[in-house]
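Below, in structure tokens: the form predicted alone, a single chain.
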Amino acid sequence: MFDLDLRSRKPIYEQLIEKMKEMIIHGVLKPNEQLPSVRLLAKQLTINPNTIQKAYRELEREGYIYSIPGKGSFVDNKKEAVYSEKVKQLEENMLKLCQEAFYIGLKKEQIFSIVERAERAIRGGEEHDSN
């Protein structure tokens, strides 16, 4: 379910957050679908349950999941909750990336091509084009 790199410099909980976000965004995890329990996932991944709990807390804070005491954690179906905060972050990141791209000499058309590839990838199309 999750492919974590235990030798990576990126903390395990951040890798887990990234993988779960990716699965939610691509529809692998559906709205209101129950996530594996902290204990079960910790056992499957052979990592500390506190690491799983930290990732779940952060995902909940960001609006990707919600918890029901005694029942578990579930994928949130409120895209709006994620949307407003995420759009702001993405705009800031994209602005910096575009400025850097123009600085190193990329043309507007090349940047648009990258954006189109990203759109195709999210819609299930070919992720990599030969340029």
Partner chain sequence: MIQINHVSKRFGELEAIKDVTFSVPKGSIYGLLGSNGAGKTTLMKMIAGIYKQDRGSITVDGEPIFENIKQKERLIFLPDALYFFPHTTIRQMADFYRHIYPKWNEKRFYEMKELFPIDINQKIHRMSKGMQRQVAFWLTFSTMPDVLVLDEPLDGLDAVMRQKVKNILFQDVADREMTVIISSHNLFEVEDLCDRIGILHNGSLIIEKELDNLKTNIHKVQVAFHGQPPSTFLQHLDVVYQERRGSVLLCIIRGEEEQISAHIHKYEPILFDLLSLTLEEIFIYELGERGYAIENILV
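Numbering follows the first chain given and starts at 1. Just so it is clear, the model here is predicted, and its values are computed rather than measured.
Note that the form predicted together with its partner chain isn't included here; everything after this is about it.
S.K.: Might Ile12 be said to contact its partner chain in the predicted complex, defining contact as any heavy atom within 4.5 Å?
M.R.: Close contact exists here: in the predicted complex, Ile12 approaches its partner chain to within 4.5 Å, heavy atoms only.
S.K.: Could you confirm whether Gly72 comes within 4.5 Å of its partner chain in the predicted complex, counting heavy atoms only?
M.R.: No.
S.K.: Given that the partner is absent here, does Asn93 sit within 4.5 Å of its partner chain in the predicted complex, heavy atoms only?
M.R.: It does not: once its partner chain is placed as it appears in the predicted complex, Asn93 has no heavy atom within 4.5 Å of it.
S.K.: Looking at the partner-bound form in the predicted complex, is Ser67 within 4.5 Å of its partner chain by any heavy atom?
M.R.: Outside the cut-off, so no.
S.K.: Would you kindly say which of His26, Arg39, Lys78, Lys30 lies with a heavy atom within 4.5 Å of its partner chain in the predicted complex?
M.R.: None of the others qualify; the residue that does is Arg39.
S.K.: Closer or farther: how do the Cα atoms of Lys96 and Glu62 compare in the predicted complex versus the shown form, where the change is at least 3 Å?
M.R.: Farther apart, by at least 3 Å.
S.K.: Where do Glu92 and Gly27 end up in the predicted complex, Cα atoms closer or farther than shown, with a change of 3 Å or more?
M.R.: Nearer in the predicted complex, by 3 Å or more.
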